[in-house]
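Take a look at this single chain in structure tokens; it is the form predicted alone.
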Amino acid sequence: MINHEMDMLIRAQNGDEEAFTSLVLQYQNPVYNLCYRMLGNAQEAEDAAQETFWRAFQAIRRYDRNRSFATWLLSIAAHYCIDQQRKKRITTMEIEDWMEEVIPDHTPEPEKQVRENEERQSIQSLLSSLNPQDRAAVILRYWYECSEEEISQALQLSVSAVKSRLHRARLRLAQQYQSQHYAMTERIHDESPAF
């Protein structure tokens, strides 16, 4: 952890609200992005991010400085989103090799942008098919590159449970991905030419 961040953490733990605000500014995008991936809705993600920071502010004095602050904060966000999904009975999802193919390229080509938007929507749809804890594990692993140990701490699971969840989620995502693309290929073949 860089010295500036540690300084902000110490100050925040001692009641300095400006220091905590500095931490919020530093982590607002990763927290919002995790919430959006978990919930699939911009407004709900914004509300969840705000709730995450409120909960972190309330618990900052109990934060263990030997632990990664980012992992601690993302675990608060993940748990809140899981709770929200349980309340709504929403399911969740995600894939491994496919992730590398859909990293956005910021070249301003309209066709490429349309294709990337479709891919993002497809990923969100796939993520939505996973249960909340599997979704959280996948997001933490592939979007935030957390280790299995960090995920186990964040989700309060054993490392073997994390491995099992990731394996099961990857299989499910791969099956869903294949069935989506099979259906799309069939639809294209069934369309008649416009002559």
Partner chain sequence: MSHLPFENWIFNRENLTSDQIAELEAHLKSCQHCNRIQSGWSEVEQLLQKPPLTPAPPQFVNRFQASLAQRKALQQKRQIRAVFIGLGSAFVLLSIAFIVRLLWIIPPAQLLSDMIGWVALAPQRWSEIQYIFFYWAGQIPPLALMVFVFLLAGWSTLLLGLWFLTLQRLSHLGVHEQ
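Keep in mind the model is a prediction, meaning the values are calculated, not measured. Residue numbers count along the first chain shown, from 1.
This protein has a second form, the form predicted in complex with the partner chain, left out of what is shown; the following refers to that one.
Margin query: Is residue 75 part of the interface with the partner chain in the predicted bound form - any heavy atom within 4.5 Å?
Written below: The answer is no: residue 75 has no heavy atom within 4.5 Å of the partner chain.
Check: residue 24: heavy atom within 4.5 Å of the partner chain in the predicted bound form?
Finding: Heavy-atom contact with the partner chain at 4.5 Å: present for residue 24.
Check: Is residue 37 one of the residues lying within 4.5 Å of the partner chain in the predicted bound form, judged by heavy atom distances?
Finding: Close contact exists here: in the predicted bound form, residue 37 approaches the partner chain to within 4.5 Å, heavy atoms only.
Check: Even though the partner chain is not shown here, does residue 10 get within 4.5 Å of it in the predicted bound form, heavy atoms only?
Finding: Residue 10: no, not in contact with the partner chain in the predicted bound form.
Notebook entry, point to check: Is any part of 18 to 51 within 4.5 angstroms of the partner chain in the predicted bound form by a non-hydrogen atom, and which residues would that be?
Noted result: Going through 18 to 51 in order - heavy atoms within 4.5 Å of the partner chain in the predicted bound form - the hits are 20, 21, 24, 25, 28, 29, 32, 33, 36, 37, 46, 49, 50, 51.
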